[in-house]
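What follows is one chain in structure tokens, specifically the form predicted alone.
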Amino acid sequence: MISEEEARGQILETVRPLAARSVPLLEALNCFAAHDYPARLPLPNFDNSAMDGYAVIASDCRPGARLRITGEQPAGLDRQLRVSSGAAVRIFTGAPIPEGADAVVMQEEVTRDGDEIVVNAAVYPHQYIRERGCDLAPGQKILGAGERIRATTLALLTSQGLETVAVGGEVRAGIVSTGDELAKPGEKLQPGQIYDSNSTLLQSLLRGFAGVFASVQDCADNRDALRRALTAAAKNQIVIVSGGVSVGEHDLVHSTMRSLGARIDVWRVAIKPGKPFLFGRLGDCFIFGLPGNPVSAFVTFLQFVRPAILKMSGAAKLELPQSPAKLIVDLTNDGERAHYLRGKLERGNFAPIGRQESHAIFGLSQSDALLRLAAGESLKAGSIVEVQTWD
């Protein structure tokens, strides 16, 4: 049995980023940039008005001054207008600043009188003008390699005239759900059976990644069936096996992988829940064996599978988000393994929710944060702790 840090280190040392691909911008949402992107254009690309009003020369605009209106510049194509002393051009938000103007006076600060305006307030140079490049300069980095591409990132890339973006490769994942006790939703449960919630859990977690595609196979606790299932699933880049990784007589994953010639790098980790976790390789496919209890499957997915998928997808940051929180109960871990407690983070406070056994899926469903309690560690209510979040 090894520590979770050793297990995670071995996994991340083994997996490699996949080849990059170019995709249309909208298909890149939540993917990770394959390289740095510098700005090609300044933002804004030309001096423009921040208000509806009049483009003027600031030194002409003492309160009470009269200016004649010589034209109109809406947002859109530059009409190549010019402002001379004693004149003003009607202008609208986002419109190019006419040559000669050095300020915009808001329409609320003037009185219109036919073809003239009367200025009612002081006007200063550069007032209400968005100057070229004030938001973004050419060459400035707008997206770094490994950064997640968000909706706002796509808007920024579009502002640079880009139609496609290079992102990390697609990850194909196979899920093998093992167990004679499992029934599919909609089927009538027989005595001793349970519904296969792990398949739903794992598929849902995988859908949280862009560019990850999953298929599911059900497999009985039968060595020949498991061999066939693993062989077929190994055509993917990763396989996630749910159940069958412990040491019981019906836990066949470890021995079956060995019989197929797989290399086992990690088996049994000092983590609670999730001790029977397994990681190995069958040909070019990485295999993750998760315990069958749903909480164990969830915790080991977050701690080991998630960072591996992120690395394969080209992500720079592999860790779960962390937040400081005040603990509102006393906690003690008398065991010899680090314990990941499921709980709720609300208004900066954290408390465990529900039963903390590895089968207790209701408490998990109400949780949004994990607290790692080291072996032998005790914490008092009021302590400030770091919790991991996943939503």
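Note that residue numbering begins at 1 and tracks the sequence as displayed. Everything numeric here is computed off the predicted structure, so don't read it as measured data.
One more form of this protein should be noted, the form predicted in complex with ligand AMP, which is absent from this view; the next part is about it.
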| property | result |
| --- | --- |
| Region of this chain that lies against ligand AMP in the predicted bound form, out of 317 to 325, 71 to 79, 304 to 312, 188 to 196 [heavy atom, 4.5 Å] | 188 to 196 |
| Ligand AMP contact at T256 in the predicted bound form, heavy atom, 4.5 Å | no |
| In the predicted bound form, G174 touching ligand AMP (heavy atom, 4.5 Å) | no |
| G274, heavy atom within 4.5 angstroms of ligand AMP in the predicted bound form | no |
| Any non-hydrogen atom of T153 within 4.5 angstroms of ligand AMP in the predicted bound form | no |
| Answer option from E170, E181, D135, E99, heavy atom within 4.5 Å of ligand AMP in the predicted bound form | E181 |
| Heavy atom contacts to ligand AMP in the predicted bound form at 4.5 Å, residues of 280 to 296 in sequence order | P291, G292, N293, P294 |
